[in-house]
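One protein chain, two forms: both are listed below as structure tokens, the first as structure 1 and the second as structure 2.
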Structure 1
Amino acid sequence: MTIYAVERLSLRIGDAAILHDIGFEVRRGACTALVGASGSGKSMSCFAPFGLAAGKASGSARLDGAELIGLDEPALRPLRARAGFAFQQPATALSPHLTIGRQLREAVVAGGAPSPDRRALAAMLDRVGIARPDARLDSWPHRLSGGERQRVMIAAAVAHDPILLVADEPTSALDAPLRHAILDLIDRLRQDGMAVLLVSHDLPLVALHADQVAVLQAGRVVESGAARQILSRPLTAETRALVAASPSLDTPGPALPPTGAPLLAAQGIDVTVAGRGWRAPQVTLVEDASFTIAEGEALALAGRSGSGKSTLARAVARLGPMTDGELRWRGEIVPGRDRMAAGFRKAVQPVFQDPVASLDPHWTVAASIAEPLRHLCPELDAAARAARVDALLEEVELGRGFADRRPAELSGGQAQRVAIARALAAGPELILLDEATSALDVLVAGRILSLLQRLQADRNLAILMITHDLAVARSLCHRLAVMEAGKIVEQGPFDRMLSTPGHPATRHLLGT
């Protein structure tokens, strides 16, 4: 039985046509996935019929027989309440000032049910696999981890037993084991008959869970059909690109450039910070971490969120606090942060996760890339700097046409290329990649990854890569170090770690 059917759905925002003749359907107890790169219109296709996106929709969308298109706001409201919506980025999609319990209760009452008691609310959290559900009811969203917030988002979306769950990228911010756990959870909810409309850019992952898949590109459905068939025999180039873009651990890794003499050696690094509150004990973020990186070598620092990998990487790049330990660069001790030698700053440069946030919104691309040159290469005059900026823009495949743009005029992938050009400006020997591709969609991330592979070979760059995605890390890294609770629990050559993982934390990351 069809719960939700969309036919010839089009959407215009002003004069721009965003969606053209979109069609798909979701059956009772089944899962239909809309897949595509960012900007392909998949989220818009979900939200426009319910009046939750900007613009004017036309065509037809019937929820349990009731037509949604053309209804005004008051008439749409009760129909919205028959569906449940789990939005992307639960960190911002949950109200920050209301406790989890209140938001769940509201979701139930808005769906037309009587106000539930505390035990019923706790049972809802228990259903989505949240530990200590009763205590969490009084907690605010910011106290939860990313995975817990995503579960709460889903719990609130299904609190009133909707006939349709619309889940927009419910897994994109999570690491591999959590991704599977969330999709398994959605599969379980379907067993009671709920229909699921899933939005994702991760085709191989989605194909494991969805029955039907519609692939979108530039606001059109380019291919649709049974999930397994689309994954095994993709018909269009767009679909093939989506299948190929997600790196997989099942295929052999690429040949990596050779490595040289030891470059950076970290020995017994500790990072502790003062605890919150009066006379609270110190909190240890990183404990006794040691590793080395050779010339041209890439080391992946992996671990679940909160394991201390970013803190450790920032400490060794001298961008964050370091309480104890020794850092050597080509055998010589690196001075403390206050007496930072310009030479070390020039040699080690970072690229961060959110490319747009890491660029000053008021600066042009050229000014951002030139800044490290001004500070670290004072011997260059303005003309030489401009020439260097142009060369860098060519090197990251943007071209000098981008020099005068500002971050708001860049896509996520373009902004990350600018951030990479900025990191390369002063000619570093080691770059720090802090989840540099995980905020990007799968196609863009793939292109950034091949850019990094090329730079690694061309420049003989050493890389310290922080990631939670081992498949991404393997396309760049020679070695892998796994962190848990502030300690490096296991490290070694990448392929050896994959074939014979020793520590449970490594096996957890591998999803086994």
Structure 2
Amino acid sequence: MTIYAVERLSLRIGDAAILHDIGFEVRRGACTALVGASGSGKSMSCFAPFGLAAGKASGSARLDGAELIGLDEPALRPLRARAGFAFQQPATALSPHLTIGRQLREAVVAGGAPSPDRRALAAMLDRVGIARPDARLDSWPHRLSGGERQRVMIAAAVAHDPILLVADEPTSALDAPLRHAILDLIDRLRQDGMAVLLVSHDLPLVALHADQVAVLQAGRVVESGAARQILSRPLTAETRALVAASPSLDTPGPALPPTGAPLLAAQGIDVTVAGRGWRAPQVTLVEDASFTIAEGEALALAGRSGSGKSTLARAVARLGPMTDGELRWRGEIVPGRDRMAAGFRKAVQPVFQDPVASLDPHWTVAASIAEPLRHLCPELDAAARAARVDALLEEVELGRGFADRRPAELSGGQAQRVAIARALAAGPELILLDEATSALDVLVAGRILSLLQRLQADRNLAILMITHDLAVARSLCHRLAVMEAGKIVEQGPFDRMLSTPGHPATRHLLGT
């Protein structure tokens, strides 16, 4: 039985045609996946029929036989309540000002159901595999790991028992085992008859979990059919390019540039934070972590969600707290954040996970790239800063034509290139990449990795790469350090770690 059917869906925003005659269907208890490069129209195809995208939609989209296209907001609202929506970034989709229990309650009421009691709310969290569900009802979103936030998002999306779940990149920022766990969770929800419309750039996951797939390119469906057949024997050039760009640990690793003298040494790093409540004990996030990075060397810091990767990286870059331990830069002790020399801040620069969110929406690209120069290179005048910005735009393969654009006018890949240019502005020796490709499709991620490989070789750039994707990290990194529960449990040369993993956490990441 078909739950959701889309036919000849088109979308115009102003004079621009965004979607062209899109068609697909989702059957009861089945999963249809939309895949394609960034800007191909995947998310627009999901949200436009429900009135959740800008522009004017035409064509047909029927949810359980009821037409959505052409309805005004009052008529559309009760039909939209029959669907649930899980968005790509749970950290921003969940309100930071409301507890998890309050947000679940509001999701139920918004879906037209009576307000649930605490036991019912805890059951919702238990349904999606949240440990200690009753205690988690009183937690704030920032206290949860990425995987837990994604489960909460799904719990809120299905709290009112929708007939269709629309999941837009629900696994993009999660480690490999957790990605499978989230899709396994969605599969279990399907057993109750719920239909799933999935947007994803993870083609191996799509092949395992989706029944049907539609491949989009420039707002058109270029290929569709059974997921495993399409992805194993693609017929169109667009699908073949997506499949070929998917990273794999089965292929040989690339030749990496040589490394030089020791650059950064972290010894016995601890990070603790205050517990919740005035009498609560402190919580240890990172414990006794040690590693080194040499000139031109790339170190991957990997681990499951909530293992402490980003907390450790922010501590050693002096962007976050460090309770105990010692940092040395070229053999010299790095003081605390209050007394840190400008030279270290200039030498170590970050590139954050969400490139669009890390850029000021009101600033032009040129202003964002020039900002570090104002603080870290005060010897440059306005003309020299402008020349440096132009050179950096060329270096990250954007060009001077992007200087006057704002973040809203950039694709995800373009925004990530701007973030990389900003990080390179002051001439750092080490950059911190926090999941720098996790939110990008495989084609764009491949181009970003190629750019990073070139910069690594040309600038003799050292890299600390926080990642959940070992296949991506292998294309760039000399060594791998694996974290589990705030500790580095194993580290060594990348290929040796892949061939003979010694710790269960490493084997878990490899799926062995």
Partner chain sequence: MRAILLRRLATAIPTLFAVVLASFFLMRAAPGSPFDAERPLDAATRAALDHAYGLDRPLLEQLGRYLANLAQGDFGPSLVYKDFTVTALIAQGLPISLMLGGLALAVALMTGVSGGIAGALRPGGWSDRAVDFAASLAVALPGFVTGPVLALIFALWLNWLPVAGLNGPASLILPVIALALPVAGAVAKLTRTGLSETLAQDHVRTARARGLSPFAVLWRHALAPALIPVVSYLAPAAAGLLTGAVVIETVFGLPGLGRYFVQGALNRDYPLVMGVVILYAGLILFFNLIADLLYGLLDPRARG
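This is a predicted model, so every value here is computed, not measured. Sequence positions of structure 1, starting at 1, serve as the residue numbers.
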| property | result |
| --- | --- |
| Pair member that is the form predicted alone | 2 |
| Option at the hinge, rigid-body rotation between structure 1 and structure 2, list 79, 23, 412, 244 | 244 |
| Interdomain rotation angle between structure 1 and structure 2 - two rigid parts, degrees | 18 |
